[in-house]
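Here we start with a single chain on its own, the form predicted alone, put down as C-alpha cells.
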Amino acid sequence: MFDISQLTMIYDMDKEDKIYAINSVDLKLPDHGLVGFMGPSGSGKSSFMYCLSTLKTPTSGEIQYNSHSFSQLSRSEQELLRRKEFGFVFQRHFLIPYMSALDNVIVAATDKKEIAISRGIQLLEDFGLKKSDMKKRPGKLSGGQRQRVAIARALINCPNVLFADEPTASLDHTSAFVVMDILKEYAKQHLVLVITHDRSILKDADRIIEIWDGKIIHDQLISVGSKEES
C-alpha cells in the first residue's frame, strides 16, 4: 500500500545546523495489519506519520500510496485522499463539547445522514457504549469513553488507513487495552499505524518499527516471528 523511498524531512532549512526529523527512510507497508511506531520524543515518528498522511510535505524523497505518488497530487487531491482513504486518532480526542457522543461521530461522515447515524450507533455499540451514553456530551463521559468516541468518528467512513498518534497516552491501562483491542480488530482488514511510547500496548501488533534521530533502527515482524533490521 505504501512504498516510501529516501524520505527526508528537514527543519530549519535556512540555518547552518539543520534538524533532520526524518533522514533518508526507505520502507514498505502492507494494505492491512497493526503497525506500531516507537521512539523517544523528537525521534521523528510523528513527522513520519504526518508525511504519510499528507498533513506534512517532506523535504525530499518519494511516498507512493497504491502506486500514486504524493508529489504528483495537488492540495485538493491530497485533501480528497485524506477524506476518502484516511482516518485519524490523536492523544487528545478533540470532540466538540456541545455535541452528543453520537453527533461527534457522525459529524465527519460522508454518507447520507440516516446511513451515518445507523453506522455511528453500531460503532459505538461495538465499542461498549450504551444508548444512554450516546446522548451524553463529552464532559459527561469518562476518558476511555471519549477516546472510543474519537475512534468511532475516525472509523465512520471506513478508512483504508487509520493513523493513531499516541491514542492511549491519556488513558489508564485498562482503557488503553480496550482501545487497542478495537484497533487490532480493525487492522484485520485495514492498515492501522500507531505511534506510542508504551510497548505493552503493542503486545498484539503485527509489526513494530523503532525510530531514532529520524532513522529506522529496528523493524520487527512479530506476526510471522521473524525480525528485520533496517
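These figures come from a predicted structure and were not determined experimentally. For every residue, the number given is its place in the sequence shown, counted from 1.
The same protein has a further form, the form predicted in complex with a small molecule, not shown here; the description that follows concerns it.
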Next on the checklist: If the cut-off is 4.5 angstroms on heavy atoms, which of these, 173, 68, 56, 199, is the one near the small molecule in the predicted complex?
Outcome noted: 56
Checklist entry - 40-48, 181-189, 200-208, 26-34: which one contacts the small molecule in the predicted complex at 4.5 Å, heavy atom to heavy atom? => result 40-48
Checklist entry - Taking the shortest heavy atom distance, is residue 16 within 4.5 Å of the small molecule in the predicted complex? => result no
Checklist entry - Using 4.5 Å between non-hydrogen atoms, is residue 216 touching the small molecule in the predicted complex? => result no
